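Just one chain follows, in the form predicted alone, and it is written as structure tokens.
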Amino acid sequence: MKIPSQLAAIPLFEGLSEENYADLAAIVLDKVFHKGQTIFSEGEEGNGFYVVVAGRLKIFKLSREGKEQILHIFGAGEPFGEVPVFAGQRFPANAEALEDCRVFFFPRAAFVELIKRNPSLALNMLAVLSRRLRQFTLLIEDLSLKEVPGRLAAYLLYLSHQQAGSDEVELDIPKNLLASLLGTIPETLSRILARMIRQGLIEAEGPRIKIVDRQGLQALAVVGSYRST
């Protein structure tokens, strides 16, 4: 598939003209990162932004003690590192490939020139950035105000929403990464999953989770702690 056609399939750029896609294709750099490879590090100059074409990657921060906190996990079609393009700042976190990834890289200077000529590009990005800001706000709320059971319940409901409201979902990342995303450790995550099963909220077989009591799971997501048993 040619790059203009691939760009047209990316939500960030949907609805643009063929001329816009040709302009974007003229500045984009097609890059491949292998599993475990660093894409950028916190503090590096934000000289452009990326869109995932294939594969998955994580955005994370490290504490002074070396503890990792995953902020986001992105897959195909999702942009990342875009804020520095507008703010002219350094990358605020690290990005690393979770598996072999193909990404499109848009250099800041060239992209800003395109926006000056085609303001519709900026409007699309603002819509995506607004949704991203809301998601990040909810993440901060979950990590700071809810206990781990509430965070996990909210994540399972989020997966269900992403998969057309199905009661049967599949964890899209390994449990050690999920634990980091939820601000806990794998052992604690396993204990919480086991307790959810005992309470009849879910059934689990490997990475596949079946939501048995959706109302109970929603209540746990809101309250953030276990109901009495």
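Fair warning: this is a prediction, and the values are worked out from it, not measured in the lab. Note that residue numbering follows the sequence shown and begins at 1.
There is another form of this protein, the form predicted together with the DNA, and it is not shown here; the text below is about that form.
With a 4.5 Å cutoff on heavy atoms, Thr184 counts as touching the DNA in the model of the complex.
Among residues of the shown chain, His161 is not one whose heavy atoms approach the DNA to within 4.5 Å in the model of the complex. Contact annotation for Ala194: at least one heavy atom lies within 4.5 Å of the DNA in the model of the complex. A residue is said to contact a partner when one of its heavy atoms sits within 4.5 Å of a partner heavy atom; Pro149 meets this definition for the DNA in the model of the complex.
In short, of 54-62, 170-178, 22-30, 39-47 it is 170-178 that has heavy atoms within 4.5 Å of the DNA in the model of the complex.
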